[in-house]
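Okay, here we've got a single chain as structure tokens, the form predicted on its own, with questions on binding and movement later.
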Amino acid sequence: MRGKQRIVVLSGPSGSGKTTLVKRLIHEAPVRLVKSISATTRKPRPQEVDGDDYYFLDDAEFRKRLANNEFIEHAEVFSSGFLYGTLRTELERAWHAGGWAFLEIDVQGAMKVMQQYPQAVTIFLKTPSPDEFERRLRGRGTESEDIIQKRLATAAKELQFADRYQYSVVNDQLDDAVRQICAILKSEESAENA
């Protein structure tokens, strides 16, 4: 295995712009980021690809892997009945590639990762205001009103954990947020190599 076993955790409520930001960071970060692919029991949305967007597992397979301790974190997200988690093999895949494992996960999962990997670089992504969360969620047009309300309630809870992260970034302007996170990663890399 080459290099150190580095982990970057990015969390933030639905609508904070994580997915768009992650795509930019994969290409622009000053360190090699290898995006961890989460596993889930929900069905793929249109355009989602198994093994690229998520590992789409049926409930029995997910629970079997859970019983075998194959996840570093897992949770039922948004009271949806669907399970999500990060397989240990995703960290190993990143480290074997000489990169930093880049986990875009919810607050519940992030807390579990922080317990197991206290050296992880943790970043909480926010929008400029709570109203912006709702505007972005509704703008997606992919969820029912019931799911939107659950996500808004979850966002309010998640914001209470922001101070447990090493860094907090407001995603008001995407370019600025990308620059801020790149600066964080550059600083962390410099500290590691000092």
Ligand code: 5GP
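In case it trips you up, residue 1 is the first one in the sequence shown, and so on. Only a predicted model underlies this, so the values are computations on that prediction, with no experimental measurement involved.
Same protein, other form: the form predicted together with this ligand, not shown, and the subject of what follows.
Segments offered: 8-16, 166-174, 181-189, 21-29. Contacting this ligand in the model of the complex at heavy atom distances within 4.5 Å is 8-16.
Residue contact with this ligand in the model of the complex: Ser38 places a heavy atom within 4.5 Å of it. Among residues of the shown chain, Arg65 is not one whose heavy atoms approach this ligand to within 4.5 Å in the model of the complex. Interface membership of Tyr54, defined by any non-hydrogen atom within 4.5 Å of this ligand in the model of the complex, is confirmed. In the model of the complex, no heavy atom of Lys126 sits within 4.5 Å of this ligand. Residues of 39-55 placing a heavy atom within 4.5 Å of this ligand in the model of the complex, in sequence order: Arg42, Arg45, Tyr54.
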